[in-house]
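What follows is a single chain, given as structure tokens, in the form predicted alone.
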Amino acid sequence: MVNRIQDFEIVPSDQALGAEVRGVDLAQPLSGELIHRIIRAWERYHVVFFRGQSITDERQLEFTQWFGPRHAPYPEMPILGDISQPDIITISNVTEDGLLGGGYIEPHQDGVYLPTPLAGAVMRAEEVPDSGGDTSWSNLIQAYSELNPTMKRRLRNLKVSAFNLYAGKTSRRDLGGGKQWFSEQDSTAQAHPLVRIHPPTGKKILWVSCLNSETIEGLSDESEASNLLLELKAHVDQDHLYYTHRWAQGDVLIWDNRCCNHKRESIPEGERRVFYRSVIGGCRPY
């Protein structure tokens, strides 16, 4: 028998977040109790992963929806993916439909510029390079907790907006691919709380995306706002806040986009990487 409660195990990393789930075959039926435990682990550790899995696209989408609804695309606001905004996209440096290439990607949250940013994402590893391509996630709940009381008071009621990587003058063509949808029009900036709440736990999150958080709103002095944002970007990018994942073929990993930045190491020339990603629709931050 597979997927028995007695075989289920959560193995936390020795880093700021992250845990491995053992004793589960995602291709096989799971009881409601097991699904519940996996969701609770995700809410606690923010990044959870399963080794040695073999699942279809359909099963990946079913698994993804255990954690929340599918993302409903905004018609004029592109995110990562082609113009159809499919439920599963290919993240690859070698396939025709592959996106994101093989370069280094700075710390960021997915879709932080949307009115309702993504709640999370699932990544399935089909081909993994012999070296490079590791992904690291930082704990933005811990980042907030480590601020001194004076800084916490300073951040009350401030908002932050981010630019759209796939729209208008802020487009990052290097972060697309042959089939990435880039809009010629600028996206309307969406301001969200700089300190937001993590819905499952009620904990406070320092919500800063190093790659594309652009403006802090609520301060009259633009220079002060700019310097503060730079200071906060450095704060959330400290080494001790990260969990780094060395991928293996068959890994399935889900992360909580609401409370994590993630970044990717570059992939050496000649190495192949083929992953499949699905996302979870989010709510308006509060």
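Since this is a predicted model, take the numbers as computed values, not measurements. Note that residue numbering begins at 1 and tracks the sequence as displayed.
Beyond the structure shown, there is the form predicted together with a small molecule, which is absent from this document and is the topic of what follows.
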*With the small molecule left out of view, choose which of 141, 91, 79, 119 has a non-hydrogen atom within 4.5 angstroms of it in the model of the complex.*
91
_Residue (of 213, 190, 171, 135) lying close to the small molecule in the model of the complex, criterion heavy atoms within 4.5 Å_ = 135
*Tell me whether 37, 44 and 258, taken together, all sit within 4.5 Å of the small molecule in the model of the complex, counting heavy atoms only.*
no
_Non-hydrogen atom contact residue 100 with the small molecule in the model of the complex at 4.5 angstroms_ = yes
*Using the partner position in the model of the complex, report whether residue 196 sits within 4.5 Å of the small molecule, counting heavy atoms only.*
no
*asked:* I'd like to know whether residue 151 contacts the small molecule in the model of the complex, with contact meaning heavy atoms within 4.5 angstroms.
replied: no
*asked:* Check residue 108 for me: does it contact the small molecule in the model of the complex (non-hydrogen atoms, 4.5 angstroms)?
replied: yes
*69 to 77, 202 to 210, 177 to 185, 108 to 116: which one contacts the small molecule in the model of the complex at 4.5 Å, heavy atom to heavy atom?*
108 to 116
